[in-house]
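Provided below as structure tokens are two forms of one protein chain, presented individually as structure 1 and structure 2.
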Structure 1
Amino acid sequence: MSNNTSKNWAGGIFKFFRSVKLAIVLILIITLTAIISTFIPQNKDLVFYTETYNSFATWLILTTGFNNFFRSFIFIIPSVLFFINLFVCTFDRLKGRLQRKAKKRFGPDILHIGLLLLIIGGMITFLGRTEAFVRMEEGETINLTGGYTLTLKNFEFLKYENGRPKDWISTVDLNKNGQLIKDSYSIEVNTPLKAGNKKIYQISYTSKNILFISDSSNTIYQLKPGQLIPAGDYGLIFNDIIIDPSDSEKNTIIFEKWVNNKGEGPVSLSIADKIDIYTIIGTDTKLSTGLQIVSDPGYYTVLIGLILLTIGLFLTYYQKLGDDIL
């Protein structure tokens, strides 16, 4: 009796998850809740929700997890149930195809398997995806996971004739375990560099003013904004450079004068001016690139899923076309 009861329970559960109606309901729930989530700002601080919504709406959003929808139970539970439903339907259909002596048509089964892999890959991506931001100057090398190293050989900031930004180009070398695998690859805004399961995107740049001074022994020093030049009983902190587009020799260098640890206001000097034993000899602007490194552990699973989806769709259409011709 207990064995029959267990079989009945198992059969009932199997039949429940094999239901097409269940699939339709779950798809509707996922779609509806996803649409609702687009109207609610995601991943904001608690203060944002309390100031934006009334107390009941705030409680409802935080309790249901609509503030972080793709990690909430209202998304995860229907998605897991849909995955089980799709898996059971695929298994049942494939098993039936193998058992029957009729002509085998595996297009829909391959399509379902591809969809399952897409869901698995999407979950792996969602749970394991990482993003990191790095800023690099020419000649700098950084280490990446997986034995990769990235060296910035050159960075260009291209502009249109009217001065608007046109493109940012980071020319890099990519090595793996000491071996060069990408030589002088140009990372642009819409042309990322792929390194294993990582993609490296060009997303920003910064410029940094440099000041060159020399002392009485002709030793040259390079100063960045915020650095101090001692000048007897006072000091000058290098702040900024006002660029003269017609002649860099006419650039104006802005300092903040400090006396007894107290700011005394800005001071403007030019190239060739002296500051105690130091002489201003030149200026320069260094550009640094901003790169975003995105690691996606689900990339290959999603890729295989897409390939199987394509094959499944092709086989389904091809076999259906053959039936229509016959």
Structure 2
Amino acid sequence: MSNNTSKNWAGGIFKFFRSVKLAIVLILIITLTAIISTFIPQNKDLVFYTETYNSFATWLILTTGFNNFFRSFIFIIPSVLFFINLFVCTFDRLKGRLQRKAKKRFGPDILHIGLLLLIIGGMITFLGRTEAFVRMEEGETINLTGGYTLTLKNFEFLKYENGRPKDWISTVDLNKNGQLIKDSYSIEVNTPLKAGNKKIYQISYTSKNILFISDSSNTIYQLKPGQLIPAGDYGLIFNDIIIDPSDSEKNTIIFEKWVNNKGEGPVSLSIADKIDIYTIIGTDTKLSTGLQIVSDPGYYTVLIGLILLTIGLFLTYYQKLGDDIL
């Protein structure tokens, strides 16, 4: 008796999840809630929501999780149900196809398996993906996990004639346990470097102004913004460089004048000007690259999912091409 009851229960649950209607309802629920989420700014501070919405709307957004929609139960529960529904439908359909001597049309099955893998891969990524950001100057070396070291040999910022960015290229050497395995590899946007289970992406850059001065004994000093040049009863803090694109010798150097620990406003000087015993001899701009190091354990699962999805879609279309319905 109890065996029959549990069988009925299992059969009922199976029937419930095998339903195409359920799939449509879940798709519409996910669609509607996702639409609402795009109109609510995501992952903001509590203060943002309290200042933007009235107290009831704020309570509703925070309780339902619409402030962090893709991690909220309102998204995750329908998605999990959809996954089970898709899983049951896929294998029920596949089993039916194999048992019956129906047309061997596996396009939709491949497509659905691809989708299942995408969801699984997405979950693996969600749980295990890590990313780290590093800023590097030329000549700098950083240690990565797994015995890898990365050395930035050169960084270039190329521009089109109208000044728009054309490319950022970080030329690096990659070593593993002291052995050079990638020599002068160019990391560019859309061309990441693979290092074991990690990938390194070109993400950003920064530029830093450098000022060169010499003293009466011709010793050269290199100054970064914020550094002070003492000049007897006052001091000049190096702030910025206004670059003259026609001639770097005509660059203007901006300082902040300080007397008795009190700022007295900006001072503009040029190359060859003197500050007490010091002479301004040149300027330079140092670029540093911004790299993102990503480890994504879901990468291959998602990739296989995408490949199966593509094959399944076009196979389905190709197989229907012969029917009079298409």
Partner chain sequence: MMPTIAFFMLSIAAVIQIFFLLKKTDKPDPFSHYFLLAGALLLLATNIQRSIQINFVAVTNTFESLVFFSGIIALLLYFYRIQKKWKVLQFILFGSTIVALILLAIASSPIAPKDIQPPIPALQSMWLVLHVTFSFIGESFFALSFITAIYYLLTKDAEKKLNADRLTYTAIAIGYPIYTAGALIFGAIWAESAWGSYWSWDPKETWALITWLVYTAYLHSRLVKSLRGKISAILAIVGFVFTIFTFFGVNFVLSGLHSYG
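Along the sequence of structure 1, residues get numbers from 1 upward. If you superpose the two forms and keep the largest set of C-alpha atoms that fall within 1.5 Å, you have the rigid core. Just so you know, these numbers come straight off a predicted model, no measurement behind them.
Structure 1 is taken from the form predicted alone, while structure 2 is not. Two rigid parts rotate against each other between structure 1 and structure 2, and the hinge linking them lies at Asp296 among Phe82, Ala272, Phe91, Asp296.
The interdomain rotation between structure 1 and structure 2, with the chain split into two rigid parts and fitted on C-alpha atoms, amounts to 13°. A C-alpha shift of 4.8 Å is found for Thr58 between structure 1 and structure 2, based on superposition of the rigid core. Fit the two forms on the rigid core and the C-alpha of Asn43 turns out 3.7 Å off between structure 1 and structure 2. Look at Gly312: with the core superposed, its C-alpha moves 11.4 Å between structure 1 and structure 2.
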